[in-house]
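Next up is one chain by itself, shown in structure tokens, the form predicted alone.
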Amino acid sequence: MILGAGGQVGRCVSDLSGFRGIECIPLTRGELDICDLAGLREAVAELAPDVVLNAAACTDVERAERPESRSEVWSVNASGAENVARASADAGAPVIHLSTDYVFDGIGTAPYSEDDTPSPLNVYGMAKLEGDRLVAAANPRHLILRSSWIFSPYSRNFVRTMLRLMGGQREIRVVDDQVGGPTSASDLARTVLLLCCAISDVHDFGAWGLYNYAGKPDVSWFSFASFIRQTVVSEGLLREVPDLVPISSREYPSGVRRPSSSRLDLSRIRSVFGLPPSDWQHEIRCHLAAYLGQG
């Protein structure tokens, strides 16, 4: 069962499930709202999924800071996440819950491990951190995946925004003092399905808990944009090559504090499950046409 099937990761998991012949039940917010605990309990009990994936979230960090939006953000990212975990536990199903690098403040110099103490800087990160805590408390059979800088051919994300700007602007200003790991939603979807298979196939599966999963190499937003431009140019898809101008976070118009470094240590998920990081460069090089063509 996929909750939040209309989002980037939800759509990619649904796509990949169909391609691999894995039966899944994709449900958008309009079809099943995670804020409705009674509805969730009824649906999970009736459908009896092997695993429940919570890919539903309010991810607009700018909007999350607005006073009129904060109640919804907490309802979905914290209380809603708890609802999913409770409904899953009641039905005897494990839950996979997606989290974020924004639970960290970015002050550290080393990549953040699962054991590092979170300290979010913004409302979005605070609500997601509370969701992590509530999920872990509500369902012992949980896998929480913390990821970062997710992009896909769907919806609004950094890659698609850069491609749009590069098609119409001669100069693009991009932040160069925030560093993280871009993560392909397709790679994250593959990871989710591999974890689902591990849960189903391993007798007495016990590797529950919190895991980081993200892309490598870590880069700044400016370096990320530079790679996108290089790829588009190499494919001959730009009439004019725009200038990219590196700027500081202070120069970027935003009401949101973001971590200056949200690099994630991926050694735990590699050690336990043998999973490599997301190869975001390969994803952009090989699937650029999809990013240019989707709505």
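Numbering starts at 1 and follows the sequence shown. Quick caveat: nothing in here was measured; it's all calculated off a predicted structure.
Missing here is the form predicted in complex with a small molecule; even so, the following discussion is about that form.
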Let me test this: is every residue among Arg29, Val76 and Asp101 within 4.5 Å of the small molecule in the predicted complex, going by heavy atom positions?
yes
Looking at 266 to 274, 234 to 242, 253 to 261, 34 to 42, which stretch has residues with any non-hydrogen atom within 4.5 Å of the small molecule in the predicted complex?
34 to 42
Any of the heavy atoms of Ser148 lying within 4.5 Å of the small molecule in the predicted complex?
yes
Indicate whether Tyr124 is a 4.5 Å heavy atom neighbour of the small molecule in the predicted complex.
yes
Give a yes or no for Ser220: in the predicted complex, does one of its heavy atoms lie within 4.5 Å of a heavy atom belonging to the small molecule?
no
Can you check whether Gln178 is within 4.5 Å of the small molecule in the predicted complex, heavy atom basis?
no
Exactly one of Ile228, Val52, Ala64, Ala55 has a non-hydrogen atom within 4.5 Å of the small molecule in the predicted complex; which residue is it?
Ala55
